[in-house]
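Okay, here we've got a single chain as structure tokens, the form predicted on its own, with questions on binding and movement later.
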Amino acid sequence: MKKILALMGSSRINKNTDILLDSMLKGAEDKGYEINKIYISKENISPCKGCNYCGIKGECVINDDMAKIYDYLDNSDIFILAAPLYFNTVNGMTKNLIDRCQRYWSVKYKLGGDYKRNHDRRGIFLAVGGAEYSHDQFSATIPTIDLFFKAINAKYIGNYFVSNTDNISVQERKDIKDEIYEIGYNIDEVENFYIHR
């Protein structure tokens, strides 16, 4: 069975982002997938220094908890990144982890490596925003997430966005939890979805 890496990018455990992610993971778990969930806020991840060590050696010079996450990134098949919106894009701790994936860009494009090119890897992005429904509330996140999934050679198959969480929590939205459970249950078959609730 394929392995799922779930990256939870909010420091608010058991709140909107986490509940959304767990609802999807419950579906995947019930289907029998192996799941590794990382709470980014609990990891010691330093910012990228822009030192270009990865552009020369193909590895990151920083010795911190990102080493463990690199291992999960290298050995997983499906990636779910979940983050809240801060100023209409992913929050700082999530972006920090993404920045540290410069290592993969360097391996692929600067050093000419063949990182996971022929592997069937899939990426899904989940996000919550406090403002009332706005069609473009999440639009600034998509280019960054697209490049993140490209760097790790995962096909970006879908977004699930939830607005208005300042007024109605995800916990109160059974329709959302049921829908995202079904996506999780069918995670290896779903293709190209964009859902905004």
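The numbering used is simple: start at 1 and walk along the sequence shown. Owing to the predicted nature of the structure, the values given are computational and were not obtained by experimental measurement.
Separately, the form predicted together with a small molecule exists; it is not shown, and the next lines address it.
Only one of 115, 72, 105, 86 comes within 4.5 Å of the small molecule in the predicted bound form through a heavy atom, and that residue is 86. The shortest heavy atom separation between residue 55 and the small molecule in the predicted bound form exceeds 4.5 Å.
Contact between residue 131 and the small molecule in the predicted bound form is found at the 4.5 Å heavy atom cutoff.
Residue contact check for residue 141: none of its heavy atoms lie within 4.5 Å of the small molecule in the predicted bound form. Contact annotation: residue 15 falls within 4.5 Å of the small molecule in the predicted bound form, judged by heavy atom distances.
Only one segment in the set 6-14, 185-193, 171-179, 21-29 has residues whose heavy atoms sit within 4.5 Å of the small molecule in the predicted bound form; it is 6-14.
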